[in-house]
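In the structure tokens that follow, a single protein chain appears in two forms: structure 1, then structure 2.
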Structure 1
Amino acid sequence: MSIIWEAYRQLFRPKSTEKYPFGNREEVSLPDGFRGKMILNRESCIGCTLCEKDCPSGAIVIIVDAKGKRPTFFLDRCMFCGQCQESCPKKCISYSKEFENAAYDRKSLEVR
């Protein structure tokens, strides 16, 4: 009998779920310290390669071009642990609040 009473009570309570994909995407509440897509400040990067050495999943590859050494992040390999951000001496790696990282091709999951 108590199961029926509990089901009846739940019918009249307000809903606790969010209408994420169908509602307003700006209303999604993210906690402080959320790690989304990486942001690289290329001007302050000195090319020290510490982020590549400290990455536990091998998601960072250093590329040498005309501007010097710079990291490339592969989001399909990244586990968003934040080790690269902590090991960067110039603090040029940060995380955004962008959490929708689904893609049809792997090239769109690179951050240069």
Structure 2
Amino acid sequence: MSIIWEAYRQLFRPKSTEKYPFGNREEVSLPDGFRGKMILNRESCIGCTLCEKDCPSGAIVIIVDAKGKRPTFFLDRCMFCGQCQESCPKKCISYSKEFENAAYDRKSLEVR
């Protein structure tokens, strides 16, 4: 019975449930350090392939293009551990706050 006053107090308080994704999809607040979809700065990348070596889930594949060796991230395998950011000697990998990464085809889950 000792919880009864707390229970009645909750009747008059705003509810704690976040109505995501139907009500507040735009107002979801994420902290600054959140690891979402990564961003690769292709200009400062030197193609050292360290990120590929260290990736624990094999989500990074090195593809050679006109500029040389550049990593491609496969988000469907990524587990957002942040090791590639840690390993990168030029710090050209960063994380955005984009977390709604579901997609219908795997092609759109590649980050170059």
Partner chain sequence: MSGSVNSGYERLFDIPIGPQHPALKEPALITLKVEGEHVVGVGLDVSYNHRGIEKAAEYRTYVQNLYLIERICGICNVAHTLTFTQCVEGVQLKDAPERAKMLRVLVEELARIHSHLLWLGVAAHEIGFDTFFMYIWLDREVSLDLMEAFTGNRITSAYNIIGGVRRDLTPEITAKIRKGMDRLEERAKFYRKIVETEKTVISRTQSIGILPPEDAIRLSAVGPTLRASGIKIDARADDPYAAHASVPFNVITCDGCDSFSRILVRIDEIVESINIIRYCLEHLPSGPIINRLPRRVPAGEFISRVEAPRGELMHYLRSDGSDKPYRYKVKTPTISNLPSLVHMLSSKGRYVVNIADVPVILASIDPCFSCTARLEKNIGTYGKS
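So that the term is clear: the rigid core is the largest set of C-alpha atoms that superpose within 1.5 Å between two forms. On a predicted model such as this, the values are computed, not experimentally measured, just so you know. One-based numbering along structure 1's sequence throughout.
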property	result
Displayed copy of the chain that is the form predicted together with the partner chain	2
Core-superposed C-alpha of A102 shifting 2 Å or more between structure 1 and structure 2	no
Core-aligned C-alpha movement of K90 between structure 1 and structure 2 reaching 2 Å	no
Core superposition result - C-alpha of A7, shift between structure 1 and structure 2, Å	5.4
